[in-house]
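Quick heads-up: it's one chain on its own, the form predicted alone, in C-alpha coordinates.
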(Lines give C-alpha, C1' and ligand atoms only; values in the text may rest on other atoms or scores of the structure.)
Protein backbone atom coordinates (compact mmCIF):
# COMPACT_ATOMS: atom_id res chain seq x y z
CA UNK A 1 0.00 0.00 0.00
CA UNK A 2 1.29 3.57 -0.62
CA UNK A 3 2.88 5.40 2.32
CA UNK A 4 0.20 8.11 2.28
CA UNK A 5 -2.54 5.56 2.90
CA UNK A 6 -0.62 4.10 5.80
CA UNK A 7 -0.06 7.54 7.30
CA UNK A 8 -3.75 8.49 7.11
CA UNK A 9 -4.79 5.24 8.73
CA UNK A 10 -2.31 5.75 11.56
CA UNK A 11 -3.84 9.15 12.42
CA UNK A 12 -7.34 7.71 12.66
CA UNK A 13 -6.49 4.68 14.72
CA UNK A 14 -4.08 4.04 17.61
CA UNK A 15 -0.86 2.44 16.55
CA UNK A 16 -1.06 -1.34 16.70
CA UNK A 17 1.68 -3.21 18.55
CA UNK A 18 4.46 -4.48 16.33
CA UNK A 19 4.01 -8.12 15.36
CA UNK A 20 6.40 -10.65 16.78
CA UNK A 21 9.26 -11.73 14.53
CA UNK A 22 8.32 -14.55 12.18
CA UNK A 23 10.85 -16.96 13.65
CA UNK A 24 9.47 -16.41 17.16
CA UNK A 25 5.87 -16.76 16.04
CA UNK A 26 6.57 -19.97 14.15
CA UNK A 27 7.83 -21.56 17.35
CA UNK A 28 4.26 -21.40 18.60
CA UNK A 29 3.22 -24.11 16.14
CA UNK A 30 3.52 -27.74 17.23
CA UNK A 31 5.94 -29.97 15.37
CA UNK A 32 3.15 -31.98 13.75
CA UNK A 33 1.85 -28.82 12.05
CA UNK A 34 4.95 -28.90 9.84
CA UNK A 35 3.95 -31.25 6.99
CA UNK A 36 7.55 -31.96 5.99
CA UNK A 37 8.35 -33.49 9.39
CA UNK A 38 5.33 -35.75 9.13
CA UNK A 39 6.17 -36.75 5.56
CA UNK A 40 9.67 -37.86 6.49
CA UNK A 41 8.29 -39.94 9.36
CA UNK A 42 5.61 -41.54 7.18
CA UNK A 43 8.07 -42.35 4.37
CA UNK A 44 10.51 -43.98 6.80
CA UNK A 45 7.71 -45.99 8.40
CA UNK A 46 6.32 -47.17 5.06
CA UNK A 47 9.76 -48.18 3.79
CA UNK A 48 10.26 -50.24 6.95
CA UNK A 49 6.82 -51.86 6.61
CA UNK A 50 7.08 -52.64 2.91
CA UNK A 51 10.64 -53.95 3.14
CA UNK A 52 9.62 -56.14 6.07
CA UNK A 53 6.65 -57.59 4.18
CA UNK A 54 8.49 -57.80 0.85
CA UNK A 55 12.30 -57.81 1.08
CA UNK A 56 12.35 -57.24 -2.69
CA UNK A 57 11.24 -53.65 -1.94
CA UNK A 58 14.92 -52.87 -1.31
CA UNK A 59 16.12 -54.64 -4.45
CA UNK A 60 18.13 -52.12 -6.45
CA UNK A 61 17.30 -53.21 -9.99
CA UNK A 62 13.73 -54.35 -9.34
CA UNK A 63 12.51 -51.49 -7.15
CA UNK A 64 14.88 -48.69 -6.20
CA UNK A 65 16.09 -47.65 -9.66
CA UNK A 66 12.59 -47.72 -11.29
CA UNK A 67 11.18 -45.89 -8.26
CA UNK A 68 13.71 -43.10 -8.70
CA UNK A 69 12.55 -42.69 -12.30
CA UNK A 70 8.93 -42.57 -11.11
CA UNK A 71 9.77 -39.98 -8.46
CA UNK A 72 11.40 -37.86 -11.16
CA UNK A 73 8.10 -37.66 -13.03
CA UNK A 74 5.97 -37.16 -9.91
CA UNK A 75 8.19 -34.31 -8.73
CA UNK A 76 7.84 -32.39 -11.99
CA UNK A 77 4.08 -33.05 -12.12
CA UNK A 78 3.77 -31.76 -8.56
CA UNK A 79 5.75 -28.63 -9.44
CA UNK A 80 3.41 -28.04 -12.39
CA UNK A 81 0.43 -27.91 -10.03
CA UNK A 82 2.39 -25.97 -7.41
CA UNK A 83 2.98 -23.17 -9.92
CA UNK A 84 -0.74 -22.34 -10.04
CA UNK A 85 -1.55 -23.32 -6.46
CA UNK A 86 0.73 -20.42 -5.54
CA UNK A 87 -2.07 -18.20 -6.86
CA UNK A 88 -4.85 -20.20 -5.25
CA UNK A 89 -5.70 -21.56 -8.72
CA UNK A 90 -5.97 -25.11 -10.03
CA UNK A 91 -4.79 -26.68 -13.27
CA UNK A 92 -7.06 -29.58 -14.13
CA UNK A 93 -5.56 -29.75 -17.63
CA UNK A 94 -2.20 -31.09 -16.38
CA UNK A 95 -2.75 -34.55 -17.97
CA UNK A 96 -3.63 -33.28 -21.43
CA UNK A 97 -1.03 -30.49 -21.43
CA UNK A 98 1.53 -33.23 -20.81
CA UNK A 99 0.00 -35.40 -23.54
CA UNK A 100 0.01 -32.60 -26.14
CA UNK A 101 3.59 -31.69 -25.25
CA UNK A 102 4.67 -35.32 -25.58
CA UNK A 103 2.98 -35.43 -28.98
CA UNK A 104 5.00 -32.40 -30.07
CA UNK A 105 8.22 -34.11 -29.02
CA UNK A 106 7.26 -37.40 -30.68
CA UNK A 107 6.34 -35.56 -33.88
CA UNK A 108 9.76 -33.89 -34.07
CA UNK A 109 11.47 -37.24 -33.55
CA UNK A 110 9.35 -39.30 -35.94
CA UNK A 111 8.60 -36.84 -38.73
CA UNK A 112 11.46 -34.33 -38.53
CA UNK A 113 14.18 -36.76 -37.31
CA UNK A 114 15.24 -34.17 -34.76
CA UNK A 115 17.80 -34.90 -32.00
CA UNK A 116 16.71 -35.62 -28.43
CA UNK A 117 17.14 -32.10 -27.08
CA UNK A 118 15.09 -30.54 -29.91
CA UNK A 119 12.11 -32.70 -29.01
CA UNK A 120 12.47 -31.63 -25.38
CA UNK A 121 12.45 -27.98 -26.42
CA UNK A 122 9.36 -28.58 -28.56
CA UNK A 123 7.57 -30.16 -25.60
CA UNK A 124 8.50 -27.26 -23.33
CA UNK A 125 7.39 -24.69 -25.90
CA UNK A 126 4.00 -26.31 -26.52
CA UNK A 127 3.36 -26.74 -22.80
CA UNK A 128 4.28 -23.12 -22.09
CA UNK A 129 2.00 -21.79 -24.84
CA UNK A 130 -0.99 -23.87 -23.71
CA UNK A 131 -0.42 -22.85 -20.09
CA UNK A 132 -0.20 -19.18 -21.07
CA UNK A 133 -3.44 -19.60 -23.05
CA UNK A 134 -5.17 -20.95 -19.94
CA UNK A 135 -3.87 -18.07 -17.85
CA UNK A 136 -4.93 -15.56 -20.50
CA UNK A 137 -8.48 -16.92 -20.63
CA UNK A 138 -8.73 -16.79 -16.84
CA UNK A 139 -7.48 -13.20 -16.81
CA UNK A 140 -9.55 -11.89 -19.72
CA UNK A 141 -12.83 -13.58 -18.81
CA UNK A 142 -12.61 -13.67 -15.02
CA UNK A 143 -13.83 -17.27 -15.06
CA UNK A 144 -12.56 -19.50 -12.27
CA UNK A 145 -9.42 -21.50 -13.06
CA UNK A 146 -11.24 -24.73 -12.16
CA UNK A 147 -13.77 -24.18 -14.96
CA UNK A 148 -11.27 -22.93 -17.54
CA UNK A 149 -8.73 -25.71 -17.09
CA UNK A 150 -11.43 -28.38 -16.89
CA UNK A 151 -12.86 -27.20 -20.22
CA UNK A 152 -9.35 -27.00 -21.66
CA UNK A 153 -8.64 -30.55 -20.53
CA UNK A 154 -11.68 -31.88 -22.39
CA UNK A 155 -10.74 -29.91 -25.50
CA UNK A 156 -7.15 -31.14 -25.46
CA UNK A 157 -8.33 -34.71 -24.90
CA UNK A 158 -10.08 -34.69 -28.25
CA UNK A 159 -7.29 -32.77 -29.95
CA UNK A 160 -4.59 -35.21 -28.84
CA UNK A 161 -6.63 -38.18 -30.05
CA UNK A 162 -7.15 -36.52 -33.44
CA UNK A 163 -3.50 -35.62 -33.81
CA UNK A 164 -2.35 -39.16 -33.14
CA UNK A 165 -4.93 -40.54 -35.59
CA UNK A 166 -3.74 -38.11 -38.29
CA UNK A 167 0.01 -38.51 -37.91
CA UNK A 168 0.40 -42.05 -36.56
CA UNK A 169 -1.43 -45.33 -36.62
CA UNK A 170 -3.45 -43.96 -33.70
CA UNK A 171 -1.27 -45.55 -31.01
CA UNK A 172 2.21 -44.05 -30.82
CA UNK A 173 5.14 -42.73 -32.83
CA UNK A 174 7.41 -45.50 -34.00
CA UNK A 175 10.79 -43.75 -34.35
CA UNK A 176 12.92 -42.73 -31.38
CA UNK A 177 15.94 -40.37 -31.34
CA UNK A 178 19.47 -41.43 -30.55
CA UNK A 179 20.11 -41.46 -26.83
CA UNK A 180 16.52 -42.06 -25.76
CA UNK A 181 17.05 -45.71 -24.82
CA UNK A 182 20.15 -44.86 -22.80
CA UNK A 183 18.36 -42.05 -21.00
CA UNK A 184 15.54 -44.42 -20.19
CA UNK A 185 17.45 -47.44 -18.90
CA UNK A 186 20.98 -46.38 -17.93
CA UNK A 187 22.26 -45.15 -14.60
CA UNK A 188 25.36 -43.10 -13.83
CA UNK A 189 27.05 -46.28 -12.60
CA UNK A 190 27.03 -47.57 -16.19
CA UNK A 191 29.52 -44.82 -16.99
CA UNK A 192 31.52 -45.06 -13.78
CA UNK A 193 33.99 -47.68 -12.58
CA UNK A 194 35.18 -48.30 -9.04
CA UNK A 195 33.74 -48.10 -5.52
CA UNK A 196 33.35 -44.29 -5.59
CA UNK A 197 30.37 -44.48 -7.93
CA UNK A 198 27.86 -44.91 -5.13
CA UNK A 199 24.30 -46.23 -5.52
CA UNK A 200 22.85 -46.36 -9.04
CA UNK A 201 20.98 -43.21 -10.05
CA UNK A 202 19.00 -43.04 -13.34
CA UNK A 203 20.14 -40.49 -15.88
CA UNK A 204 16.77 -38.70 -15.74
CA UNK A 205 17.05 -37.81 -12.03
CA UNK A 206 19.18 -34.64 -12.52
CA UNK A 207 16.43 -33.24 -14.75
CA UNK A 208 14.01 -33.22 -11.81
CA UNK A 209 16.73 -31.83 -9.54
CA UNK A 210 17.24 -28.90 -11.92
CA UNK A 211 13.48 -28.29 -12.02
CA UNK A 212 13.33 -28.31 -8.21
CA UNK A 213 16.20 -25.86 -7.89
CA UNK A 214 14.86 -23.48 -10.53
CA UNK A 215 11.33 -23.40 -9.08
CA UNK A 216 12.69 -23.10 -5.54
CA UNK A 217 14.93 -20.18 -6.45
CA UNK A 218 12.09 -18.56 -8.40
CA UNK A 219 9.66 -18.51 -5.49
CA UNK A 220 12.19 -17.87 -2.73
CA UNK A 221 14.55 -15.30 -4.18
CA UNK A 222 13.17 -13.73 -7.37
CA UNK A 223 10.88 -10.74 -7.58
CA UNK A 224 8.61 -12.61 -10.01
CA UNK A 225 8.09 -15.47 -7.59
CA UNK A 226 7.45 -13.20 -4.62
CA UNK A 227 4.90 -11.21 -6.60
CA UNK A 228 3.09 -14.36 -7.71
CA UNK A 229 2.84 -15.41 -4.05
CA UNK A 230 1.57 -11.95 -3.12
CA UNK A 231 -1.11 -12.26 -5.79
CA UNK A 232 -2.11 -15.61 -4.31
CA UNK A 233 -2.18 -14.22 -0.78
CA UNK A 234 -4.27 -11.14 -1.59
CA UNK A 235 -4.82 -10.21 -5.23
CA UNK A 236 -6.48 -6.87 -4.45
CA UNK A 237 -3.69 -5.76 -2.13
CA UNK A 238 -1.12 -6.86 -4.73
CA UNK A 239 -2.88 -4.81 -7.41
CA UNK A 240 -3.00 -1.73 -5.19
CA UNK A 241 0.72 -2.21 -4.52
CA UNK A 242 1.47 -1.86 -8.21
CA UNK A 243 1.92 -5.53 -9.06
CA UNK A 244 0.62 -6.46 -12.55
CA UNK A 245 -1.69 -9.21 -11.29
CA UNK A 246 -3.02 -10.24 -14.72
CA UNK A 247 0.49 -10.66 -16.07
CA UNK A 248 1.57 -12.70 -13.06
CA UNK A 249 -1.44 -15.01 -13.47
CA UNK A 250 -0.51 -15.67 -17.10
CA UNK A 251 3.14 -16.23 -16.16
CA UNK A 252 2.27 -18.67 -13.38
CA UNK A 253 0.05 -20.71 -15.70
CA UNK A 254 2.74 -20.59 -18.41
CA UNK A 255 5.22 -21.99 -15.88
CA UNK A 256 2.72 -24.72 -15.02
CA UNK A 257 2.39 -25.56 -18.72
CA UNK A 258 6.16 -25.65 -19.18
CA UNK A 259 6.50 -28.12 -16.30
CA UNK A 260 3.62 -30.18 -17.73
CA UNK A 261 5.59 -30.37 -20.98
CA UNK A 262 8.68 -31.55 -19.11
CA UNK A 263 6.66 -34.13 -17.17
CA UNK A 264 5.05 -35.50 -20.36
CA UNK A 265 8.43 -35.78 -22.05
CA UNK A 266 9.96 -37.53 -19.02
CA UNK A 267 7.11 -40.04 -18.79
CA UNK A 268 7.37 -40.81 -22.50
CA UNK A 269 11.11 -41.35 -22.08
CA UNK A 270 10.54 -43.65 -19.09
CA UNK A 271 7.84 -45.59 -20.98
CA UNK A 272 9.88 -45.76 -24.17
CA UNK A 273 6.94 -44.49 -26.27
CA UNK A 274 5.32 -41.19 -27.22
CA UNK A 275 1.66 -42.16 -27.16
CA UNK A 276 -1.77 -40.65 -26.54
CA UNK A 277 -1.90 -42.23 -23.07
CA UNK A 278 0.99 -40.12 -21.76
CA UNK A 279 -0.10 -38.18 -18.68
CA UNK A 280 -3.55 -39.72 -18.32
CA UNK A 281 -2.89 -40.51 -14.62
CA UNK A 282 -1.21 -37.22 -13.75
CA UNK A 283 -4.08 -35.33 -12.14
CA UNK A 284 -4.16 -36.95 -8.69
CA UNK A 285 -0.35 -37.03 -8.20
CA UNK A 286 -0.16 -33.40 -9.32
CA UNK A 287 -2.21 -32.38 -6.27
CA UNK A 288 -0.94 -35.06 -3.94
CA UNK A 289 2.74 -34.06 -3.93
CA UNK A 290 2.44 -30.30 -3.28
CA UNK A 291 -0.56 -30.50 -0.92
CA UNK A 292 1.08 -33.21 1.18
CA UNK A 293 4.22 -31.08 1.24
CA UNK A 294 2.51 -28.00 2.66
CA UNK A 295 1.60 -25.91 -0.38
CA UNK A 296 -1.58 -24.02 0.46
CA UNK A 297 -4.66 -24.56 -1.68
CA UNK A 298 -5.69 -20.99 -0.91
CA UNK A 299 -2.47 -19.64 -2.43
CA UNK A 300 0.30 -17.45 -1.06
CA UNK A 301 2.67 -20.16 0.19
CA UNK A 302 4.47 -23.03 -1.53
CA UNK A 303 6.96 -25.70 -0.49
CA UNK A 304 9.31 -27.13 -3.08
CA UNK A 305 11.03 -29.46 -0.60
CA UNK A 306 7.62 -30.60 0.61
CA UNK A 307 6.61 -31.35 -2.98
CA UNK A 308 9.68 -33.57 -3.33
CA UNK A 309 8.76 -35.42 -0.13
CA UNK A 310 5.15 -35.76 -1.27
CA UNK A 311 6.29 -37.23 -4.57
CA UNK A 312 8.53 -39.70 -2.75
CA UNK A 313 5.62 -40.74 -0.52
CA UNK A 314 3.35 -41.21 -3.52
CA UNK A 315 5.90 -43.38 -5.28
CA UNK A 316 6.67 -45.44 -2.15
CA UNK A 317 2.97 -46.15 -1.63
CA UNK A 318 2.40 -47.17 -5.24
CA UNK A 319 5.50 -49.35 -5.45
CA UNK A 320 4.86 -50.99 -2.09
CA UNK A 321 1.23 -51.79 -2.81
CA UNK A 322 2.18 -53.14 -6.24
CA UNK A 323 4.67 -55.51 -4.64
CA UNK A 324 1.96 -56.59 -2.22
CA UNK A 325 -0.12 -57.40 -5.32
CA UNK A 326 -2.88 -54.89 -4.73
CA UNK A 327 -5.10 -54.39 -7.75
CA UNK A 328 -5.18 -51.06 -9.58
CA UNK A 329 -8.64 -50.19 -8.25
CA UNK A 330 -7.55 -50.84 -4.69
CA UNK A 331 -4.43 -48.77 -5.25
CA UNK A 332 -6.51 -45.80 -6.43
CA UNK A 333 -8.67 -46.06 -3.31
CA UNK A 334 -5.67 -45.86 -1.01
CA UNK A 335 -4.16 -42.94 -2.93
CA UNK A 336 -7.51 -41.13 -2.75
CA UNK A 337 -7.65 -41.67 1.02
CA UNK A 338 -4.14 -40.25 1.37
CA UNK A 339 -5.19 -37.12 -0.57
CA UNK A 340 -8.32 -36.72 1.57
CA UNK A 341 -6.23 -36.92 4.74
CA UNK A 342 -3.78 -34.39 3.28
CA UNK A 343 -6.57 -31.93 2.51
CA UNK A 344 -7.97 -32.36 6.02
CA UNK A 345 -4.56 -31.68 7.55
CA UNK A 346 -4.21 -28.63 5.30
CA UNK A 347 -7.42 -27.24 6.78
CA UNK A 348 -6.29 -28.06 10.33
CA UNK A 349 -3.02 -26.19 9.74
CA UNK A 350 -4.98 -23.18 8.45
CA UNK A 351 -7.18 -23.05 11.55
CA UNK A 352 -4.24 -23.55 13.89
CA UNK A 353 -2.17 -20.90 12.15
CA UNK A 354 -5.04 -18.38 12.21
CA UNK A 355 -5.47 -18.89 15.95
CA UNK A 356 -1.78 -18.33 16.61
CA UNK A 357 -1.34 -15.48 14.15
CA UNK A 358 1.14 -17.14 11.80
CA UNK A 359 1.16 -18.53 8.29
CA UNK A 360 1.23 -22.37 8.14
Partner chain sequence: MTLPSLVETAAGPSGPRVRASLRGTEVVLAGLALAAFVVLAVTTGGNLVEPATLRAVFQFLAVPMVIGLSQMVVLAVGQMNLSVGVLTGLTAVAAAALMADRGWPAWLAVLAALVLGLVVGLANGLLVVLTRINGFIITLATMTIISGVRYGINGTGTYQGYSDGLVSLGRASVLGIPTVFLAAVVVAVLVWLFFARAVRGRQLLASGGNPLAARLSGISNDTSLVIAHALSGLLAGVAGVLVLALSGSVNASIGDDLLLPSFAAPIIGGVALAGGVVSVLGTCLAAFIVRLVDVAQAQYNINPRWVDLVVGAVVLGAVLLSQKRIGRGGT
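Residue numbers count along the first chain shown, from 1. Because the structure is a prediction, the values reported are computed rather than measured.
We do not show the form predicted in complex with the partner chain, though everything after this point is about it.
For the candidate set 114, 214, 239, 180, a heavy atom within 4.5 Å of the partner chain in the predicted bound form is found for exactly one residue, namely 239. A single residue from the set 157, 125, 201, 197 has any heavy atom within 4.5 angstroms of the partner chain in the predicted bound form; that residue is 157. Remark: of stretches 132 to 140, 260 to 268, 70 to 78, 98 to 106, the one touching the partner chain in the predicted bound form is 132 to 140 (heavy atom within 4.5 Å). Judged against the partner chain in the predicted bound form with a 4.5 angstroms heavy atom cut-off, the residues 152, 297 and 329 are in contact without exception. In the predicted bound form, residue 254 stays away from the partner chain, with no heavy atom inside 4.5 Å. Taking non-hydrogen atoms only, residue 121 never approaches the partner chain to within 4.5 angstroms in the predicted bound form. By the criterion of a heavy atom within 4.5 Å, residue 191 is excluded from the residues contacting the partner chain in the predicted bound form. Although the partner is absent here, residue 53 lies well away from the partner chain in the predicted bound form, with no heavy atom inside 4.5 Å.
Residues of 228 to 252 lying near the partner chain in the predicted bound form, listed in sequence order, are 235, 236, 239, 245, 246, the criterion being any heavy atom within 4.5 Å.
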